[in-house]
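First, one chain by itself: the form predicted alone, in structure tokens.
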Amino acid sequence: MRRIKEYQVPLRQRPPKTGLGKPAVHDSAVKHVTGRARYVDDMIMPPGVLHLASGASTCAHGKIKTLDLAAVKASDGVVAVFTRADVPGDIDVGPVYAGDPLFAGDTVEFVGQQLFTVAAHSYEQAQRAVQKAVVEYQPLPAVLTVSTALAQQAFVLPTHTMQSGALGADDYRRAIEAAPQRLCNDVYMKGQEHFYLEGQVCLVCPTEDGGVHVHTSSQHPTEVQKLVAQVLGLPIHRVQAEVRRMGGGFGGKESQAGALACTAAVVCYHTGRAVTFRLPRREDMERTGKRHDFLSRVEVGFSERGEIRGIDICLAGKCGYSPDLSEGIVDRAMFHADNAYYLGPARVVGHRCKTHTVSNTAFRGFGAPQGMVAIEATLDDIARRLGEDPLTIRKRNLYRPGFNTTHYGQKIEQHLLPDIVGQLENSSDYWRRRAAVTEFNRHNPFLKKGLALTPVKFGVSFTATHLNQAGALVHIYTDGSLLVNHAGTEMGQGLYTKVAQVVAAEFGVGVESVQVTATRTDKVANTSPTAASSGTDLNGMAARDAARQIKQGLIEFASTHFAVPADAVRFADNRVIAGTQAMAFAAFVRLAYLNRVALWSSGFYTTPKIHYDRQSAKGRPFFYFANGAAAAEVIVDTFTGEYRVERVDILHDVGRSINPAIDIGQIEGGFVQGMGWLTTEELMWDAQGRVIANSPANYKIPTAADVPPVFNVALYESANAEATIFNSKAVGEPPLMLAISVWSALRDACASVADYRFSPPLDPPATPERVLDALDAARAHVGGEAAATADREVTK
């Protein structure tokens, strides 16, 4: 059974509701399920469109000795072949730092690096032609693992350190050494494939002024626009990028879409023809970046009550061959290495490791999940050392008054988590179930249950301060309909619907009166990516700003026209009410137009209060924190390591929800995606640096069968204390980390084999094989203790 608060009744059975705080239907929901939602590859292609396929390196690191493309050019249907020499402008398409050449030069640095591209009359002809290239390499030494990169000090960017403590640079070391208890742990977290339904794709069309129009599946159309302009050597205004929707993004389309668009643009530039470029799934999985692998090393000192006294955390991210977005990703892992806990004197070090693998990139959570896993593993280990329940130890370390400053200097101003954890503790019946799980494990040698309750504190804002801005346009037409265009992109998360609700609420009309149109760089310029869970925060406020400017002009007009004070003018129920007089909204709009009142405006918003000084590693990088907690129960087969998630309870803080139905959908989806990362989704590479987890056949994402049969989701009722849109909170990324509860529950089940006196290592993803290894480690610990006891008895 599933309980979703009071929103259990299917939407189609409820009367239509509009406005803020109501579960309005996703604007494309019907189109999604009927197949009418148009993605880039569904567009009617222009006459003479060319199809691309690219040839890629099969060597992780080496010099190109031979690149013979004669057979490729002679292949059926091939129009032209393009290489590095054909790029008219800048060859580098790195999103932040240089290091990402559009085509490889003399040296290749990962398997899958683009060498050339083929333009053909059909997709199939281009794919066949690519296979005919003759390439020879002189192999060079390749760094393929984080441990090798650390040993060689191979980094794509400098190491960064955050530190807290009142007594100086070594405060954390003194605190650890003075603590009554100490322990160390290492956790290696593998990455994650985005596995969006719509792969990387674009359509580039020439324009009459010598520029290009790019239809792209990208979370960052302005970056696509800028990179295409640089590659073609054009001013930015000659390039327009457009995004109506994506079939999923999850961060994989924040920076990765740029190279496809730039490649297609080069072909368009030379041929004067429309060009489409779509990566087949296998190539998409091999050639585009993923969630970073992370190695965490933690040394912690703690009291006999399990309270952290001092901690040293090292986080090493597997960045791949270039920086991409790794600076911000490793930074966010460092920012979230505390999760919900006061660390005391602390040092957190972040390494950005260079490897000869595809350059890893943004993924939902943007490094925060890896930082949180490191500290949650540590809390579990402390609990096992002391013989306490992990929830007890977690509660003792939560941020609270007097213990409320992070290791990067930001004060936690609201302490919601003790209440959230307490409410979930009661609603999930944690302690009764803990007793039942312990009793079950005592009497069942072959099946073991596990239970865990873990919190999440997620900082909301781009940590690159300049990205925290957005613009929007709002138009009202003379029939009373409204059109909105803003800087955010829609990838299924319901951003367009929420922004439409915001604008509808400002004018007191139904949300069906508002149309949100495709994001375009020639309508709202210099857009930030739709990422960092900030889409509604930024674009909702920008759209509201535009709406309020129009509304103010309408109020002034109504006040004069109806001879009433301005504060007597209201917009509600599709009407404009001026004192005792009322007029239908559409009729009033026509009246305003006839009296030359402006019916459109632009809006702009920047997030206040945020700053971060990288030199001192101190500041307030986050406007606010979103909070939540999840309790998960699992059952494990000790013979095979196979397991099942039996029940999950979630209480999540979204502030005042703009759209509860969408928010709950995001919570459920984020949790399941996080559960996939931590349990079944295993990225595999061979010894030559090739991705071998490159299809649904060998990479297991969660399915409907993996969703817990009991999945209770509730929203925590608390308005955001900060002045966000409708006092709501971000909901895109934070729920993913609630899935850490499943991983901790699996460790709990394995620990039961050693009577909870040992915390077995279990690196994510916790596949059945790894669970079996953890069970074996727990059994070995019991055997070792028994042997030690026997030795002591003999000695006596």
Partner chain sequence: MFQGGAVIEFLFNGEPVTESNLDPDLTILRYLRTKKGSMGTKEGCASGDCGACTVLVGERLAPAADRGIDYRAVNACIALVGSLHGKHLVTVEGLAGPDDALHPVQRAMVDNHASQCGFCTPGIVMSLAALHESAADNNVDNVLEALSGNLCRCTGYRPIIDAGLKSRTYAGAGNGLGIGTGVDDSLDNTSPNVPGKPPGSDFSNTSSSVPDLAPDSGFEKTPGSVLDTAVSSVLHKTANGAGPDNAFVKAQSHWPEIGDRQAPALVSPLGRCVYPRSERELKHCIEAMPAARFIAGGTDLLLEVTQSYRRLPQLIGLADVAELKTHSVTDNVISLGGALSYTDVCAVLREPLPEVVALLHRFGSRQIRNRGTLGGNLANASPIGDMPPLLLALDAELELSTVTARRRVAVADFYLDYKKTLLQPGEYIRRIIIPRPAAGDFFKCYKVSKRFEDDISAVMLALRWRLQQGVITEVCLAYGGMAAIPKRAAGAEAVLLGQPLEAAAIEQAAAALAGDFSPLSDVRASSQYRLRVAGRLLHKAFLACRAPGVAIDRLDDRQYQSPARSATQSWPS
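Positions refer to the first chain, counted from 1. On a predicted model such as this, the values are computed, not experimentally measured, just so you know.
The following text describes the form predicted in complex with its partner chain, which does not appear among the structures shown.
For the options A166, A687, A704, A85, the residue carrying a heavy atom within 4.5 angstroms of its partner chain in the model of the complex is A704. Contact annotation: of the candidates R385, R273, R620, K700, the single residue with a non-hydrogen atom within 4.5 angstroms of its partner chain in the model of the complex is K700. Within this chain, Q230 is remote from the site of its partner chain in the model of the complex, having no heavy atom within 4.5 Å. In the model of the complex, at least one heavy atom of P23 sits within 4.5 Å of its partner chain.
In the model of the complex, its partner chain sits within 4.5 Å of a heavy atom belonging to A714.
The closest heavy atom approach of R644 to its partner chain in the model of the complex falls within 4.5 Å. Contact here is defined as any heavy atom lying within 4.5 Å of its partner chain in the model of the complex, and by that definition each of M246, G665 and R779 is a contact residue. Looking at 408-416, 87-95, 491-499, 580-588, the stretch with residues near its partner chain in the model of the complex, meaning non-hydrogen atoms within 4.5 angstroms, turns out to be 491-499. Residues of 123-161 placing a heavy atom within 4.5 Å of its partner chain in the model of the complex, in sequence order: Y123, E124, Q127, R128, Q131.
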